[in-house]
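Look below for two forms of one protein chain, each set out as structure tokens: first structure 1, then structure 2.
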Structure 1
């Protein structure tokens, strides 16, 4: 990576951390460190399970417990076990916690307004656009793509969302029973692989691979959440599936797609897939692609 790029990233990080008060105990001018303020935001008006907070914020359980106890001592939150499963604890704001959240929201708006005020209209447009770009690109950088058991809750959720979308986009709807199979036993080692993409611990995409015969595999269940499209996540999932194919000793991968999925067709063509004659009788397929790895 270029030295200049590294210098720019570090300079940007220093500038942001200084201006939002990360290194003081007065985030946004309150007598509260950033970690506590962020935790109040994440608990929010609806409350949140402690284990979800830990995953969402990627915090050590001990550190999170200390933060929660501090907010409890201040009378801002309550942490109580769920009635249905007392092993699960849920954090919720007290009346004082709601007032603190309102104040943090107000001061956050003031901070943003003060930052933008000295700038011209054109400069404001530029900095807001740049911030949007930075946020989207940071999301790409921190998105993880991992091997997953195809029967896991996240894997099944992704497949369900994928099927629901196909049902709305395909002329005449979509019935998974009529499509070429990609069952859990087909998409886990040593026969295949199932990948899940996550952003801030939330599943946002998936892809599956199954072996058709020695040296030949099929890519299935390629899906990315609408909220994460345009970030290159689909390309990353496809590349990761190809890596899995190589590990399984596959030399060629195939896939089929419907004419309504134009963005998928464009992705496959850009990624070196060549359109070939039909190699199966999937009733929803209009295009068939192949790539030698």
Structure 2
């Protein structure tokens, strides 16, 4: 069973990289090195900071610099310093660059059309559905969940998104001041933990753990970005938080949640949490859960 799955994954990898790789090479690379074409693609219509490009394409700083100079010489891009921090430089397409990107887009569409053309309508529908599944699940597979300093910019950003969402979903809005605290000190070792889920180094979810008293912990700040819901990321964050709790020597974890967050409630129940009577007076809490680890 597991063996068969591995054989399938390997066979898939080989055949798809081969079949689709040909596209990337021949279609996208219109008499231009592949790296340059990819760079144009990655800069995109809105432009992109050089540091961001370096991170996304995982390129050596010197190499990227050279590629940018080459595209600049060809009149396809412009690289200008940011106003706020003039060390950071931002690459943007010129009008010639836009045309080039249009052309790349066009070729991509052509390739996709050529791929689908020989298939019957039913086969087309089927392959499209299967591709969506594979892509979605690959995204899940490469999503990482890591311990993070709760004051880091990504962690802060997640919490901000979380608060914003609560504010729109709770009937009377949400004010973090009125809610029970989860300060940086409380949610980092040795008292707690803060986890960030990332896809392609972009934060897409978080979860925090703090110690209430010896052996008893509390889970806070469980959030998954709208784009990543329904993929089991919440479940993985929750499991990872429980692992952290065990490492901190906690035996029981608690959490409270609002009636408007139905998915969260369902997740907790599925994951072995049982409803208990109110253990605090959080003004936004409607349900209280507990689990013995």
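Superpose the two forms; the largest set of C-alphas matching within 1.5 Å is the rigid core. Numbering follows the first chain given and starts at 1. All values derive from a computational prediction rather than experimental measurement.
Choose between structure 1 and structure 2: indicate the form predicted alone. Number 1 is right.
2 Å or more on the CA of residue 85 between the two structures, with the rigid core superposed, yes or no? The answer is yes, as the C-alpha of residue 85 shifts between the two structures by 2 Å or more after core alignment.
Please check if residue 203 moves between the two structures, taking a CA shift of 2 Å or more relative to the superposed core as movement. No, its C-alpha moves less than 2 Å.
Does the C-alpha of residue 148 move 2 Å or more between the two structures once the rigid core is lined up? The answer is no, as the C-alpha of residue 148 shifts between the two structures by less than 2 Å after core alignment.
After superposition on the rigid core, what is the displacement of the C-alpha atom of residue 51 between the two structures, in Å? Displacement of the alpha carbon, after core fit: 2.8 Å.
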